[in-house]
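The chain below stands alone and is given in structure tokens; this is the form predicted on its own.
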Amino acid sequence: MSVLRNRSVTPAVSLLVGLLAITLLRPTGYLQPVEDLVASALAPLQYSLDWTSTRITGWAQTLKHLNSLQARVRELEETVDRLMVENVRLREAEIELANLREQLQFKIANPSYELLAAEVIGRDPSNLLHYIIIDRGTQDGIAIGMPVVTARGLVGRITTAYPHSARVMLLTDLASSVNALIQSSRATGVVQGQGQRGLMMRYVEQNEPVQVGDIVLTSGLGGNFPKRRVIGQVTAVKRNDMDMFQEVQVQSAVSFHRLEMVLVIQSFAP
């Protein structure tokens, strides 16, 4: 038993003696070669540990920076989406305000008309009959035959009326016809719808002067439409000495496929 105890004590004593020797000899400089040798041997390991520690620290900082950037990108994307929606809303409000201002100016310029504003809620899907549906009907005082206009010019007339909506036949419909006159020469005729080909003014006498660029207005004859409402502009004139009348191609002043709001003339002096 004593032998085992002595064996366990011997390494401890040896370690203590070694440490004491190192402590006493280190100030003298005798251990410097040994320390240099150990430092040289451990240098690669220390460099490797430093390099690994630096890289791990760098990766951790990069990962933290990436997470911060991703959060910032998400924040900016949300801001862009919000601003885009706001910009669209403001743009629509600006367009609606311009339409309302245009209608107001038309009402002020035509105090003798009883006007009712309406919004376009439907169109002819086939593009054959050339009509639009508005959100006003008999409950609002709408009746068949009432003219429909915008501030730019004549649109058409009411052909069918329901309690809360109505159908408007456009000028381009093949069944549409309007008594008209040339503003410059006062020559009269009838503007008829030509479907996709637009408008044609017929029954204009051959001796009447008609030029490209002339403005075509409603004549008011027949009492179906008010006088002096703009229909469009002359784009071509077809004359034939063998015919009694000349044909005049007319470009409507209204872009029918862009209509959003119109005015129904509920009463006027024919």
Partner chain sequence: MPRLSLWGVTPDLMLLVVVSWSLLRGNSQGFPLALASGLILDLLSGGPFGAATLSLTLASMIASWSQHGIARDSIWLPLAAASLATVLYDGIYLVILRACGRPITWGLGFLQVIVPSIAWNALAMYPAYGLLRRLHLRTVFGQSE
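Positions refer to the first chain, counted from 1. Note that the structure is predicted; figures quoted are calculated from it, not measured.
Below: the form predicted in complex with its partner chain, not depicted.
Judged against its partner chain in the predicted bound form with a 4.5 angstroms heavy atom cut-off, the residues 128, 167 and 173 are in contact without exception.
Between the options 102, 114, 140, 124, the residue in contact with its partner chain in the predicted bound form by a heavy atom within 4.5 angstroms is 124. Contact annotation: of the candidates 89, 72, 197, 186, the single residue with a non-hydrogen atom within 4.5 angstroms of its partner chain in the predicted bound form is 197.
Its partner chain is not shown here, but in the predicted bound form it comes within 4.5 Å of a heavy atom of residue 133. Contact with its partner chain in the predicted bound form, defined as any heavy atom within 4.5 Å, is confined among 104-112, 145-153, 188-196, 77-85 to 188-196.
Along 248-268, a non-hydrogen atom within 4.5 Å of its partner chain in the predicted bound form is carried only by 257.
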